[in-house]
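There is one chain below, alone, in structure tokens, taken in the form predicted on its own.
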């Protein structure tokens, strides 16, 4: 039998190396902060150069090593180059957080007014969203996960969504006065990709179980980012806690899934959605 360990020690991540993709987005820096707070060294990946400033700020605040690397996760060759950089600097990888995703917001520009509707959804948008949100997670897992499997220890955390469990309720996006064929909707790709992330989680968890690599997902609910009041009110009606999440409210869950505190979990989906998916 394994000797019992203090729960507080299970969260200790000193000396571990955590890689976060999509690290310049809304929640990427928050995921990084949650792991740095417990002592992990941080590698931030994004196509945006801003990851370098974010990494520097995390290093100063939490007194850990943190680097930001520009990387297109849809390109395996770039991930392989990034792996070499990480191994040269740190010697190992312990955690991968597959966070990168396009978020095709209903109000996104660049297309016609009713571009979000299934009948009009551009193939180019489908391909780009899937490439980043699902193929990117597969490639990052293939490259970094294989390294962890070689080490016989590691953790992958896939960022899914409550919309990976349920379909979007398109009623919350409706606009008064528009005919049905012009009503905006949540685009098809987001829900499809997040459902796919749950499938990827289960597959990888089974595939690498004997190699010491645990793979779990988290399904967050919607995050409040100053959306229109009417939209927030509509969405809140579908959430038992009657509100959207704050940007910091997923940090503890990320730390839990990334640390030894969840060492008997693999292939699971941790739902943190204010209760939305129970209705």
Ligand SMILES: NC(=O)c1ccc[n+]([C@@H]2O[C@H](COP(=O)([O-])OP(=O)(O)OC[C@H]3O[C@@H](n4cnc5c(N)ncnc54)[C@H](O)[C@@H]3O)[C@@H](O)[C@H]2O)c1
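Values in this document were obtained by computation on a predicted structure and should not be read as measured data. Residue numbers count along the first chain shown, from 1.
The following text describes the form predicted in complex with the ligand, which does not appear among the structures shown.
At a distance threshold of 4.5 angstroms between non-hydrogen atoms, residue 267 is out of contact with the ligand in the predicted bound form. With a 4.5 Å cutoff on heavy atoms, residue 68 does not count as touching the ligand in the predicted bound form; it lies far away. Although the partner is absent here, residue 252 is not a contact residue: none of its heavy atoms lies within 4.5 angstroms of the ligand in the predicted bound form. Among heavy atoms of residue 103, some come within 4.5 Å of the ligand in the predicted bound form. When contacts are defined as a non-hydrogen atom within 4.5 Å, all of 24, 99 and 159 contact the ligand in the predicted bound form.
Taking 93, 200, 132, 143 one by one, only a single residue has any non-hydrogen atom within 4.5 Å of the ligand in the predicted bound form, and it is 132. Note on the partner interface in the predicted bound form: the residue among 148, 204, 73, 86 having a heavy atom within 4.5 angstroms of the ligand is 73.
Stretch-level contact check against the ligand in the predicted bound form with heavy atoms at 4.5 Å: of 207 to 215, 47 to 55, 33 to 41, 60 to 68, the positive one is 47 to 55. Residues 220, 221, 222, 223 are the members of 204 to 227 with a non-hydrogen atom no more than 4.5 angstroms from the ligand in the predicted bound form.
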